[in-house]
Structures are given as structure tokens and as C-alpha cells.
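As C-alpha cells, one chain now follows by itself in the form predicted on its own.
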């Protein structure tokens, strides 16, 4: 059974008449490693936002983690981790890394409820897993872009998500950090958590079957499973055909 089920969806941003995603159908099961590729402005980021209920789905059916996205977007976001591409913390942001990671638990806690021991332990596990113990007491605004990226990955891992969405997660990371993150994501996949990545860089993918989705102009042009080594070539050829 699919954990993400999109059937004929159209999505549009507030105030826009023209849909960004058009008549898109996609099914993603547990334990899948999904890569979304395609040219700029193809709708890749909008697809992640649609899955997470952050952009309005005007037509079609969308079910994620057992919830109707159109009616229960808040419940979906409790279950889904989402590492966005472009984020910026002001240098004077007062929150420490530890506090930001802990905020990943708030959706589970509910309104005005205090964190329990299990919440603190989940945040600590996420910090250790990403390898940022040395940043725990530093304010996030003072960190480099790559360090902030790691903090936001830990923030989402602390949620213990049923689905993990990542938009260009490797853009601010050096080679060793990218390899380290890939190992974390592979462990999540082995545990049954589907990973959905928007990326322009396809080197260094884990040596497993990849669920590849190629997009252009808000539509899916290719939806196949293939070896990791074939992903870049398939995306390039598919984009040239458009």
C-alpha cells in the first residue's frame, strides 16, 4: 500500500490563476528512495509542497500517511519531515541548535504541552545521528550554511517522520558531509521510511534501486525504477526531449 497517493492533482499558489502542477498522478510506497529531477521551474519543489499540504490542491485526490491532504494538511505535516532548500537564519536568531532540533518535536506534543523525557531523547538522538554535538549550544544564526543545513536535517529527524522530503539537501554540504547524509537516508529507507529528494546532482546516490520521477512544466514525464548509476543519464535525456 502506498504511503503517498496523488491522483490527477492540480495545485496553484494563492492568488495565481494558472496551476503549477497539472494532472499529476504519483504513488510512493514505504521504504522507497525517490529522486525527483527535471529542468528549472518544472514544479519539483511545488510537488513537495503539495505532498506536505503547503500549497493548495485545487483538483484531484491526495492522501499522505492516511490523511486527505486537502482536508487535513496539519495532520499530514505532523507525520512528514520537510527540509526546505532556501532558508536563512538572521545572525541574531537567539535559538541554539539544541532548541531548534527540539522544535521538531512540537507537532507531536500538541498545543501548550511540555516536552517529556522521550522528546528530549529523540532530539539528542537526532543531534548525534547528524554529528552536530559540538554545535548543540551554539546559536543557529552564527552557523555556516552547511551547519544550518545539518541542524534542519536533525530538526526533521527528531520528528521521527513517516515520510522524509528534502529539497536540494546536498547543496551546502561538502563531499564527506554528503556521504554521511546519504548513509543516514539509506538507514531510514531500510527502516521503511520513504525518502523523496529533489536534486540537480545525481552523483553519490546509494547503490539501490531508485524510484525516479522526471518532471517538466508541472507534469511527470517519466516515472520508473532504475539503478542509481542510470539516474543522471535518464534525467538528462528526458529533459532534452521536452
Partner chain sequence: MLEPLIQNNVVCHAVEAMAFASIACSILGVVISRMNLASIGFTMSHAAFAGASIGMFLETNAQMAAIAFSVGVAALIGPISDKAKMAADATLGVLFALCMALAIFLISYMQYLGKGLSASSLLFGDVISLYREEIYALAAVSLLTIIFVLLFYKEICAIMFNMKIAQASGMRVQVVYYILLFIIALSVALCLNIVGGLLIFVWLVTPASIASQFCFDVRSMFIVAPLVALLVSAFGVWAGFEYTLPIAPLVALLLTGTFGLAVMLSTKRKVTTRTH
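Please read these numbers as outputs of a predicted model, since none were measured by experiment. Residue numbers count along the first chain shown, from 1.
The form predicted together with its partner chain exists for this protein as well; it is not shown, and the discussion that follows is about that form.
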query	finding
Stretch in contact in the predicted complex with its partner chain, which is absent here, among 208-216, 46-54, 169-177, 182-190 (heavy atoms within 4.5 Å)	46-54
is_contact(residue 123, its partner chain) in the predicted complex, heavy atom dist at most 4.5 Å	no
In the predicted complex, residue 158 touching its partner chain (heavy atom, 4.5 Å)	no
Any non-hydrogen atom of residue 90 within 4.5 angstroms of its partner chain in the predicted complex	yes
Proximity of residue 152 to its partner chain in the predicted complex, heavy atoms at 4.5 Å	yes
Candidate spot 19, 33 and 233, all three touching its partner chain in the predicted complex (heavy atom, 4.5 Å)	no
Sequence-ordered residues of 77-104 touching its partner chain in the predicted complex, heavy atom within 4.5 Å	77, 78, 80, 82, 84, 89, 90, 92, 93, 94, 95, 100, 103
